[in-house]
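Just one chain follows, in the form predicted on its own, and it is written as structure tokens.
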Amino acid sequence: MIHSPIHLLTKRFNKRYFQANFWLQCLFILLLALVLFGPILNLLIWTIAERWYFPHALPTQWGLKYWHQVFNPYSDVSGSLFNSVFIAVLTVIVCLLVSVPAGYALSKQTLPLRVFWMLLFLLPQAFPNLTVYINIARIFYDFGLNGTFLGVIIVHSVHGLMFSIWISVAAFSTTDPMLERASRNLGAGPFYTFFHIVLPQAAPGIIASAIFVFLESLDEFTGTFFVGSPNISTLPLLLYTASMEGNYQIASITALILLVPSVLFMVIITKFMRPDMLSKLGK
């Protein structure tokens, strides 16, 4: 079969076009990987670098000396880690005690002023955190809450309620109202129906909201800095202090400790955040 010159030129052009398109896609993926994983790679290098200074592209001395310092029983990291987890767990408990009943009530479309109450929990996100926490610190000082675990937990809880309330509302909105109605028609009381029929259906979303609140509290810096310092030390505060002092190894190891639970919990969240529940967010 004899092909015309135009056909051959078109075929050759298409081949070169697809080759160029392939290499452009590879280049884009490579640049995207560098943007996403470059800082993490640099963080990992700093965790095992004992000596690294300009103009060397890589550390001149490698080792685990700073890991031993971090996990020393007498180091500040162990105490800060305990404080961070302790505050995060109590923050989750406080938020769930508020968001579970509130989320169930707000999931009912007939609730008066429902939109107003939903927007009310967004207010902590509507203003710059710095100005809000400075004023909260001044108010807490009058009540003796500065530098206490209670003050830090209150600040973290107010910040985390936005996540727990909105996700809980979406979780309760996906429950089957016919099952709830059937339980009441069969003679079950409201509390039995809620805890045995409604709550198990909403449990995946509530667990997801608890994980979001935990991670938000674990990484919270500004509120802890203004309300908890200098008596309460958490991992974000320790990371900030180490960075300002130029101790990048300790700061990198601390950041890695904060990164690991975030990645693990986000993987778990994908198991609980169902598409039908996500479609109910904000409704």
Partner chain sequence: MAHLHIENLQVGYGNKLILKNINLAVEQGEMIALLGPSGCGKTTLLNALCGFIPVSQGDIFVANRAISKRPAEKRNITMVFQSYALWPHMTVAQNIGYGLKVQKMKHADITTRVTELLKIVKLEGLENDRVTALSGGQRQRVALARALAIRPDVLVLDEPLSNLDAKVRLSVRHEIKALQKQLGFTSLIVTHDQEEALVMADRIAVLNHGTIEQIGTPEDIYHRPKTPFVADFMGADNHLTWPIQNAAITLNINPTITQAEIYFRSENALVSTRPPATNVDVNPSNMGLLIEGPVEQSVFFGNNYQISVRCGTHTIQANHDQHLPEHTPVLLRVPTDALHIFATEAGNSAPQHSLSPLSNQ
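Positions refer to the first chain, counted from 1. These numbers come from a predicted model, not from an experiment.
Another form, the form predicted together with its partner chain, is not on view; read the next lines as being about it.
Report yes if all three of Arg181, Gly189 and Tyr192 come within 4.5 Å of its partner chain in the predicted bound form by some heavy atom, otherwise no. Verified in the predicted bound form; spot residues all in contact, yes.
Scan Leu81, Ile197, Ile206, Ala88 and let me know which has any heavy atom within 4.5 Å of its partner chain in the predicted bound form. Comparing distances to its partner chain in the predicted bound form, the residue within 4.5 Å is Ile197.
Its partner chain contact at Asn72 in the predicted bound form, heavy atom, 4.5 Å: Although its partner chain is absent here, Asn72 would stay clear of it in the predicted bound form, with no heavy atoms inside 4.5 Å.
Exercise: Thr174 in contact with its partner chain in the predicted bound form, heavy atom 4.5 Å: Thr174: no contact with its partner chain in the predicted bound form.
How about Gln201: is it within 4.5 Å of its partner chain in the predicted bound form, going by heavy atoms? Gln201 belongs to the contact set for its partner chain.
If contact means a heavy atom within 4.5 Å, which one of 73-81, 181-189, 145-153, 163-171 is the stretch that engages its partner chain in the predicted bound form? It is the stretch 181-189.
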